[in-house]
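Okay, so here's just one chain, in structure tokens, the form predicted alone.
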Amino acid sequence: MEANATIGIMVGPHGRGSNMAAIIRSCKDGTVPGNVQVVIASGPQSDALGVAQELGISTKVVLPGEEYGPRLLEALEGCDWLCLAGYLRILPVEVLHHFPNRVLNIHPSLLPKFGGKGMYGRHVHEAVIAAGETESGCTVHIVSEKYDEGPAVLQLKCPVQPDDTPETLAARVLKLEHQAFSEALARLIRDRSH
């Protein structure tokens, strides 16, 4: 695989697209040795689609349902890597097989803590605070057939402050997410190209 990789990004229906935008900008400024070819949403209402278009990236909507896997693969044709940025579904098995160890996700906690089905967004930060944790952060991991169980590639940590709310903790973790996703993706692409 050449050093200048082609990347597809899948976004969820509700996210703002900030992790997606961070990856796109990291490709444009050369931090990540690749280019984002397409952003795919699972519904037309995703705010991330507009952000991607403003950044000059082609977008597609692939609705879940019959033949979802084959339709996703068609939309991702030509991509070497796939990044999930706010995408909350389990990927069809044929997509995972097409991108062996080349599908990355970011999770807003230090996995394996606070991962799994239903643990996303605010739910994660509420659970971290409720558990009395003194640190949190984010994990970039390889995607497997189970929620948040693939091998971790990179973790970045931050303190949990005594007066944190889910919102203040989320804001601190999100800054780390933007850094971690690009750093992990760049490292993996470079490793594969040697």
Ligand code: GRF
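Just count from 1 along the sequence shown to find any residue number. From a predicted model like this one, the values you see are computed outputs, not experimental measurements.
Missing here is the form predicted together with this ligand; even so, the following discussion is about that form.
- Taking Leu72, Leu82, Leu111, Ile106 one by one, only a single residue has any non-hydrogen atom within 4.5 Å of this ligand in the predicted complex, and it is Ile106.
- This ligand is not shown here, but in the predicted complex it comes within 4.5 Å of a heavy atom of Arg16.
- Residues from 113 to 145 do not approach this ligand in the predicted complex: none has a non-hydrogen atom within 4.5 Å of it.
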